Every structure is written in C-alpha cells, then in structure tokens.
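Encoded as structure tokens, the following chain is the form predicted on its own, with no partner shown.
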C-alpha cells in the first residue's frame, strides 16, 4: 500500500472525500495542494529530500483566481510530474468524460488510473488505489471505460496535437509545414497537411480552423 500521497485538488469537498478515503486505508502521510504549481514544488522537494511521494491524485481542471500560475491544469501537472518522477503512481480524479482527453492521459502521460467524479467516485477511488498499489494494471471508472473502447474512423495522435498547439499559438499552416520538414515529422507537404486538418475538422465537427482550435482548447486537449 502507498506510504506517502500528494493530492492536487482545489475544491475542499472533494479534497475531504479523498482524505477520508486515504484514512480508510490507514494512509496518514498525505499532503494537499490547491494549485498545480504548489503540488509540483512539493513533489520536487520530496525528491530532493530523498522522501518521494509514491502516489499523486490530481484533478484536471483548476479554477483560475487572482494568483498567476505556471501550471494551469492537471493534465500539465501530470505530464511534468511523470517526467520528473517516472515511477510515481498517478490517479486522475475528474468530472471529465471526454474519451479523447482521457486516452491522451493514459497513452501520453501514462497515468495508472482514471476515476470519474460522481455517484460512485469514492468506491472507484478505493478500487483504483487497491489495484494500482499491488500491480501494474490500469483502472478506469466503468462510465468512461466503455467510451474508451469505442473506435471511430479516425483517432488523433501526437502529431495532431502538435499541429493543434502550433495553430493555437498563431503559427500558420505553411510555417508548421516548414517546422515539420526541419524535424522530419510527417505530414510535411501542403496537401498532406490539408488532408490532416480536414480529418481533424470532421472529427471534432469544426466549421473552420479557428473553431477547431476553440473546441480542442475547451476539451483540454491543448
């Protein structure tokens, strides 16, 4: 069972529920952070002190307030923590139910579990903690597990996300092509790029490129 846990959650009611769950497992060494920046600093300091956390439980969406932050979402926190401490177990605990975003967390950030906040969230959280503490198996709340198994005609990949991020930053299509050519990333021809963008627009039901960027931002993909 886990010895030291960090919780990244900005809503107190969910934070209390997670703490109670940890208490049920007799896990008493846990800390809490309402900001992703604070959670990351705690994790980094714990590594420096040679007392690393062995589990991160993180929400994905954090409400913005007066404080300026460097890490604005749980997705970004998870990505940075995975790079910093590759062996830490990670549970994403969120109301997010969009399969594209959840798939990205499992495939790109290699989370160990996804627990959907809702009617069965505490029981699912207990199942997730039990399962991942004793094995390398993954846990997904049943409500989203079925959605993850659905296959469409097209599924986005890392290259699609790169394209969307460049578009979001104001990089033109021609500039993206040149960047891809330099890095030997495909598609790097005008026709192939246009086909890729057309598929993305169809996939997200976007009217144009601006609408596409807006939709993927709202979904937390970029």
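Numbering follows the first chain given and starts at 1. Bear in mind the structure is a predicted one, so any value in this text is a computation, not a measurement. Under this definition, the rigid core comprises the largest set of C-alpha atoms superposing within 1.5 Å between the forms.
What comes next is about the form predicted together with a further copy of the same chain, which is not displayed.
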Problem - Listed residue that, although a further copy of the same chain is not shown, lies within 4.5 Å of it in the model of the complex (heavy atoms), from 84, 95, 145, 131 - result: 95
Handout entry: Sole residue of 109, 121, 112, 99 within 4.5 Å of a further copy of the same chain in the model of the complex, by heavy atom
Key = 121
Handout entry: Proximity to a further copy of the same chain in the model of the complex (heavy atom, within 4.5 Å), stretch among 39-47, 24-32, 164-172, 183-191
Key = 164-172
Practice task
Considering only heavy atoms, tell me if residue 68 and a further copy of the same chain come within 4.5 Å of each other in the model of the complex.
Solution key: no
Exercise for the section: Indicate whether a further copy of the same chain has at least one heavy atom within 4.5 Å of a heavy atom of residue 3 in the model of the complex. Expected result: no
Practice task
Find out whether any non-hydrogen atom of residue 117 is located within 4.5 angstroms of a further copy of the same chain in the model of the complex, and reply yes or no.
Solution key: yes
Handout entry: residue 198, heavy atom within 4.5 angstroms of a further copy of the same chain in the model of the complex
Key = no
Exercise for the section: Check each residue of 182-210 against a further copy of the same chain in the model of the complex and list those with a heavy atom within 4.5 Å, in sequence order. Expected result: 207, 208, 209, 210
Practice task
Kindly check if the Cα atom of residue 17 is displaced 2 angstroms or more between the shown form and the other one relative to the superposed rigid core.
Solution key: no
Problem - Is_shifted residue 179 between the shown form and the other one (CA, 2 Å cut-off, rigid core) - result: yes
Practice task
Using a superposition on the rigid core, decide whether the Cα position of residue 60 changes by 2 angstroms or more between the shown form and the other one.
Solution key: no
